[in-house]
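First, one chain by itself in structure tokens, the form predicted alone.
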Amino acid sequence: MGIQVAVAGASGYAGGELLRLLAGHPEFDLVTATAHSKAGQRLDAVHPQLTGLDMTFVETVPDVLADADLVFLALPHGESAALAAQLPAGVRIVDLGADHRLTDSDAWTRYYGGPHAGAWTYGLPELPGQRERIAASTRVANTGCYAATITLALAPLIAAGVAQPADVVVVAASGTSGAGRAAKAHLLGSEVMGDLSPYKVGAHQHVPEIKQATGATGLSFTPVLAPMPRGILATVTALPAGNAADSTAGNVADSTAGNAADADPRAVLARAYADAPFVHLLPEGRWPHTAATLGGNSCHLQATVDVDSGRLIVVAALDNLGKGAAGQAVQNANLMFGLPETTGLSSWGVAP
């Protein structure tokens, strides 16, 4: 048999996507899938897209997970830490929740509340040096979906010194699966269809994670709920480095014009992701859209410089359940077990 794998919280959307990927993985053998209210139900009754995968959900308790070589935790935020603490040290864990992403306990308390469980290795392989850190770890904290999208767009620009970290503005739209599977009135089809609505404006919980991962020091983030099941499209803008921080709205275009020509965001992204199998800088003139990433583990990027304001603009798209959650988790697990990070994953989307 191969590497024995268990998924805790497998009845949700991210858990279901994990099950789908694991069912086709050549090295990982899915042996246990747990749930809370769905315990005792057949897996394909909850996830009909997985008809033919003959398993039954069991209760989420440490004993049923302890014998696995690898455990994915796809639990609500705040529930992973207690369970992980009860698993043997030799069990490798990838946590899809937020419990272990943040290094700053004050930021955890401010955005999530409750005690901080401590930070694990951050699970975004495309950050410099992070593949090696993940490969050497037994505990990895998967990224948030918005955080993955925005970090891939922004981190190389700040690291290269071409973008000012203190003035980053992001507007990003996400599909409804990002809100989880629990029944909520504002996510009913009749509420969502034909509508775009901002939420958690100025106070989204991914802000400290994005700042931690990118080096941004000032971030204004507006998330928007879009009438689609899955996908994220983020527009990330930042002032080019070298401009006066106190530029006024009236003269910002004049003050940035000279420097914008020297800050080529496309060149920076091309260098950063030259060897990244799942991050694609699109040909000039082509812009990302969510449908192109549906079902894949890829992130599509495009960049330019605003001709009026001189701000750097990067647009990023990915599948929030793929590269933003389950696909990223499998990519991290591959590295943890010394496998090629592409094993069992596809960069290609499904269309139409």
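Just count from 1 along the sequence shown to find any residue number. Just so it is clear, the structure is predicted and the values come from calculations on it, not from any experiment.
There is another form of the same protein, the form predicted together with a further copy of the same chain; it is not shown, and what comes next is about it.
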property	result
Candidate stretches 154-162, 117-125, 213-221, 72-80, one within 4.5 Å of a further copy of the same chain in the predicted bound form by heavy atom	213-221
Residues V61, A267 and V330 all lining a further copy of the same chain in the predicted bound form, heavy atom within 4.5 Å	no
Of L87, A107, V192, A135, the one that lies within 4.5 Å of a further copy of the same chain in the predicted bound form (heavy atoms)	V192
Proximity to a further copy of the same chain in the predicted bound form, single hit among A241, A173, A272, V91 (heavy atom within 4.5 Å)	A173
Contact test in the predicted bound form: S197 vs a further copy of the same chain, heavy atoms, 4.5 Å	yes
4.5 angstroms heavy atom contact with a further copy of the same chain in the predicted bound form for S37	no
H280 within 4.5 Å of a further copy of the same chain in the predicted bound form, heavy atoms	yes
V169, heavy atom within 4.5 angstroms of a further copy of the same chain in the predicted bound form	yes
Residues within stretch 47-70 having a non-hydrogen atom within 4.5 Å of a further copy of the same chain in the predicted bound form	P48, Q49, L50, T51, G52, L53
